[in-house]
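In the structure tokens that follow, a single protein chain appears in two forms: structure 1, then structure 2.
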Structure 1
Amino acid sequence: MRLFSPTIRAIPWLAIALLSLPVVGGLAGVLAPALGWLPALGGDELTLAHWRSLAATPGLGDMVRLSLTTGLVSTLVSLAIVMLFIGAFAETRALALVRRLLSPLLAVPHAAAAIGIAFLLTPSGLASRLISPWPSGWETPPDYLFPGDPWGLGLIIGLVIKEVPFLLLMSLAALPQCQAQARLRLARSLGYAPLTAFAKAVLPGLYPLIRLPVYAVIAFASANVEVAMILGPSTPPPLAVSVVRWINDPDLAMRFVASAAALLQLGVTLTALGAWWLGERLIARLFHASLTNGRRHAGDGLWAGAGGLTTLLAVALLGGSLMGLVLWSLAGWWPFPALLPSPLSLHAWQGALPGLLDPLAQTALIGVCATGLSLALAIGALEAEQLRGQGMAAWAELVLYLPLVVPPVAFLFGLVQLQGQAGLAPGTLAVMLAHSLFVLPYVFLSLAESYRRLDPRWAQVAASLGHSPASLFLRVRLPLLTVPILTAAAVGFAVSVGQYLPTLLMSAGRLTTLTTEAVSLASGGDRRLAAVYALMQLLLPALGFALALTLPRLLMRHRSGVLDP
């Protein structure tokens, strides 16, 4: 136990190294080719020619605009929905119900949700079948352009339904830490209508707590590949999709342009973040006065209705698309406009099952290892703060969010080169480490506020009773934090299960996970088999969340007050 403090103090540095070295190294591995340096491909002089090629790409402006607008709009809409909903329904039964639905919703991998949404909303999809041939009169599917519309509306919908659950989870976790309940009650007792009370008394305290998750959402939305490929426009697509296409171009000279484009993507994402940051400043300034103007009603009923309706819509869309996945996995030949496949068949499941076990085990193994490592590092880093008695330096905190803010397409190709130089064989270990790169920030994000806000008097009491730091950590802090730790683990596990690009690149494609299978099947056009894999991909994280919910009740059944925040 004498080693406890030195070990804990070393962990933040370990975490920072794990997160920053691959990202910075990967970026360097992209920067060099962007400037013309990649001797393996004959690039042995520094030049800006590849930037000129990139600038001459037809439609580049549209690609950048799409990335920016879909990233910002989807984040804004998601945040608005979440805030309106919490504001209108805080301390009601609706919130408790949504809280229960949240975990399975959060567990839906992006690709699976996008495939489901696409099927729901295409002209031959479930929604259109619901009204065909009567009352629409459509004997054959109508020919309208959605999803894939040039404004990216379909893409925005797809992003919003995945971001709402995430932001909701982050907000619900942050609510107790800004004394939301007490503030709300005070404001209500002063006669403020529910939403107005929330907006004036809680929101200014809540937003800073969820700012980093919001930034992560912006970065993801402006640079994501899978959702954009499935729901976004194709001529031209958002920038990140083009980057991946150029990286995979058989004309190897395109690697240089792809590297330049990857850096441009980084710039686009940073621009989106900067624009949001400016927006924050602007809103804070504009609404500063209205916080204290004493008005107690601000169109409450209307806003509450909007919040409820949009949340309901988001849940219905996601639910409908999951229903679509289930139906497709059970369908034989299913022509338009039949609403249900008949007869239902287990054909796809029977065909898929023999091949399912291996990827299932592989996915679970990598997910558990990556989550375990991330959890240990996150808890260690947070405990180190407690030992030092002060929070993490601002720059260190930023490093933690580096992999979430730097678009994966910008540094993963460079990372593969580093992997070769470091002699790390492509395989489970490399993939697990790469997953940790994305899992650790999310785990930290989920856990940090609960950890830091834990009442310091517990520690003081324990210390005064003669407990060492190690025993204080093991016997007081960990038990008190069981619920947030398990939730963070479930979030981390879900993040790991959904990873596609890192799995593919760091294993040289040798490892088959549910996600790599689902994505390669989605490219093959057999919707039944793709649906089976998407559902399996969803099952694992759902199991993780179920465990996170039930384990504390088993472990803590002799302690009171630990389960309720």
Structure 2
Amino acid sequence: MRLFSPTIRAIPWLAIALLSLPVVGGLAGVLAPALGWLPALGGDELTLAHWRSLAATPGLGDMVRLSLTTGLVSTLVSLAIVMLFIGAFAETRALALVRRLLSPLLAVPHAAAAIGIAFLLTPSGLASRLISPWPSGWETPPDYLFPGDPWGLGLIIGLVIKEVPFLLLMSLAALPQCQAQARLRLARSLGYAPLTAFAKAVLPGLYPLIRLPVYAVIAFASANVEVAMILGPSTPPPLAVSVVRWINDPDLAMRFVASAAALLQLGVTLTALGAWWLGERLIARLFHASLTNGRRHAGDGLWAGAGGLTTLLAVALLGGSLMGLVLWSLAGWWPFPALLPSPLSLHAWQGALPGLLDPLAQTALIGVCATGLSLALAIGALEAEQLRGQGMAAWAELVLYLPLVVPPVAFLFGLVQLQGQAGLAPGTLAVMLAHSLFVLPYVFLSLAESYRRLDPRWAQVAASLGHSPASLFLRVRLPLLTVPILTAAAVGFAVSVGQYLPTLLMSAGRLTTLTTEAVSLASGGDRRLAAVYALMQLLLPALGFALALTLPRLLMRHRSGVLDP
């Protein structure tokens, strides 16, 4: 127990090392091949020839445009939906209901949601069947391109569906920090309408607290691979998808071009972040006067309706996509415009089962290990805050978001290069550590609010009874935080299950998980098999959340009041 405090104080530095060194090392690892230096592949002199080859690639401008526009537009739409919803429904039952649904919504893997959206909105999808043959009059599937439209609208829809729950979670966690309730009540007492009160009194204090999560969303959306492969255009695709294709090209010389393109992707993401930052300044300047003009109403009814409608639409799209997955996995024969398949069959499940077991086991093993490591580091870092008596420094918070803000395709490819030069074999350990890079920030963010807001009087009472810091941690704090810890673990496990690019790159394509298989099948012609794998992707996170709900009641059944301190 003497080592408890020194060990806990060292854990934040371990977390910082885990989050920062791979990103910095990966970026350094991709820089040299981009400039022609990779002796293992015959590159022994610095040159810009690979940048010239990249610049001559047909459609490069469209790739960059797609990455920029889909990243910025999806983030703007998601943020607008979240702010309108919170402003319109703050302190209502609707907000409390959505708060309870957030974790399960956040747990839906990106690939599964994208496959479900594709099945829902494709010309022969569930949405077309709902209005066919009446009232649309369609006896055959309508003629429009989805997914894969050249403007990236399908990709934007898929990104918005997954970004809204994340931004909502971050916003709800930040509301207490900006004293939103007190600001809102003061504004309402002065006669401001609900949404106007939120926009003028709460939003200026809330946005700075969620700026980093918004930047993380921009980085993810502008460099996403799995959602873009399923819902995005293919000729040309967004830049990040092209980078992955060049990495996997049988011609090893394409690795140089892929390195240059990975750095270009980093530049595209930084450009998107810069454009957003300039937009923030412009909006602040344009709307500064409106904050103090004294207007109590600013179209509240219209904006509240828009907030409720868009949130309902997002939830309906996600629910409809999941329904489409279930129906396709059970479809025996499903001609258009029949609303339901007939007959229903388990044939797809029976056919997929033998091939499912190995990806299922790999996914579960990697998810459990990555979540366990991330949970230990997150709890240790938060306990260190309690020992120090002060919160996280601003620079440490930046490091926490580093793997989320830097495009994964940029630094993961560099890590692969370093891995090869160091002679380290790709495999489960490398994939597990790579997953931890992305799991740790989500676990920390999910747990931090509950950990920091635990009533300090529990610790004071335990200390007055002679408990040491280690005893206080093990016998008081951990039992009281059982539910938040298990919920954070469930979120982390779901994030690991949904990881595509780290699995593909760090295993050199030799490791198959449910996500890699689902993304591969989504581009094939067998919708039934793709639906089965997508549903299995959902099943594992759902099992994690079920355990997070039931285990505390079993473990604490003899400790009255512990689950509701």
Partner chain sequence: MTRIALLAHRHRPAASSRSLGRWRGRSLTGLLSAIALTITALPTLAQDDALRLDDWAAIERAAKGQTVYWNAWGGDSRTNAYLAWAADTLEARHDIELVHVKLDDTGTAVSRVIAEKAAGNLDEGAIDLIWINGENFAAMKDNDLLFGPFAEALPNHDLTRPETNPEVRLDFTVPTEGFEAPWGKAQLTFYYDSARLETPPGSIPALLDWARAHPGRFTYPLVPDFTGSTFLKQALIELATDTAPLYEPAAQSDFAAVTAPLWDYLDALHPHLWRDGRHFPASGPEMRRLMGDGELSLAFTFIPSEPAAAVADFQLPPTTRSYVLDGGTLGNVHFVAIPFNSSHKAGALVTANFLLSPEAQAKKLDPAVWGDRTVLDMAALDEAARATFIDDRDNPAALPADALSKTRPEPHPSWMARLEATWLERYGSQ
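Just so we're on the same page, rigid core means the largest C-alpha set that superposes within 1.5 Å between forms. The first residue in the sequence of structure 1 is number 1, and each one after it adds one. Just so we're clear, the structure is a prediction, and the values are computed from it rather than from any experiment.
By the stated condition, namely the form predicted on its own, the second structure is the one that fits. Superposed on the core, the two forms differ at residue 375: its CA moves 2 Å or more between structure 1 and structure 2. A movement of the C-alpha atom of residue 390 reaching 2 angstroms or beyond is seen between structure 1 and structure 2 when the two forms are aligned on their rigid core.
Relative to the superposed rigid core, the position of the CA of residue 320 differs between structure 1 and structure 2 by less than 2 Å.
Here the two forms are laid over each other by their core, and the C-alpha of residue 10 is off by 3.3 Å between structure 1 and structure 2.
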